[in-house]
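Quick setup: one chain, the form predicted on its own, written in structure tokens, and binding and motion questions come after.
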């Protein structure tokens, strides 16, 4: 039997958090080798573990995978979370790429200069309410099913649930006009594997604060 996947990243959300979410939702136990210094990162670079000299990197099934979307695609395919055919898969891809756009805006918010932060938050709120969440609410309304695609749990539902938690961190009122999304968030959160991941003490990471940002700056030198 293959060992547990090993995740190489720093001790924060960043581009690894969606991978953590997807593995956890699939019921896969994983280990983390945390990068805590520039030297840790250099070691991975120097031993040839990082194809593009970047993390995230996940050791899984005898491979060292990089590029977060490639990693997510592999995990979703392996655990039957990627639709039953090409048409379902392209829907899942379109939905998750839209989610990734909003997720990116929220993820980069801590890097925003203080004098631009209010404007950035206003933009995120506007895009959330008027561009992104209406799409997913409409999808759920159009078919009346419990999941976004194929009436079956897919990576799209898991990524969306993760995103909805981040949206609520920005402003808890943003979901008020999206009852079907609130119901989906509750439904996915109550799946045993996800429920376990949402408990205190799990490998889920907290919001990025100033201390975490400073830690990342030292490691990645940005």
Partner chain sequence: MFQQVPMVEIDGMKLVQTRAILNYIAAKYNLYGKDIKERALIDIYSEGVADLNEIILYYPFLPPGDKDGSLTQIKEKSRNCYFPAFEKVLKSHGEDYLVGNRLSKADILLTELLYHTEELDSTVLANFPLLKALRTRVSNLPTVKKFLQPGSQRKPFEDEKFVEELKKSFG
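Numbering follows the first chain given and starts at 1. If you're wondering where the values come from, they're calculated on a predicted model, not measured in any experiment.
Here the subject shifts to the form predicted in complex with its partner chain, a form of this protein not shown in this document.
Undergrad: Though its partner chain is not shown, can you say which of 183, 34, 70, 176 has a heavy atom within 4.5 Å of it in the predicted complex?
TA: Of 183, 34, 70, 176, the residue with a heavy atom within 4.5 Å of its partner chain in the predicted complex is 70.
Undergrad: Counting only heavy atoms and a 4.5 Å cutoff, which of 189-197, 58-66, 160-168, 22-30 contacts its partner chain in the predicted complex?
TA: Single hit among the candidates: 58-66.
Undergrad: Tell me whether 84, 140 and 147, taken together, all sit within 4.5 Å of its partner chain in the predicted complex, counting heavy atoms only.
TA: Not a single listed residue reaches its partner chain in the predicted complex, so no.
Undergrad: Hey, in the predicted complex, does residue 110 get a heavy atom within 4.5 angstroms of its partner chain?
TA: Judged by the heavy-atom cut-off of 4.5 Å, residue 110 is well away from its partner chain in the predicted complex.
Undergrad: Answer for residue 118 alone: is it within 4.5 Å of its partner chain in the predicted complex, judged on heavy atom distances?
TA: No, residue 118 stays farther than 4.5 Å from its partner chain in the predicted complex.
Undergrad: Wondering, does residue 152 line up within 4.5 Å of its partner chain in the predicted complex on heavy atoms?
TA: Residue 152: no, not in contact with its partner chain in the predicted complex.
Undergrad: Please determine whether residue 94 contacts its partner chain in the predicted complex, using a 4.5 Å cut-off between heavy atoms.
TA: Residue-level check for residue 94: yes, a contact with its partner chain.
Undergrad: What residues in 115-148 sit within 4.5 Å of its partner chain in the predicted complex, counting heavy atoms only?
TA: 130, 131, 132, 135, 136, in sequence order.
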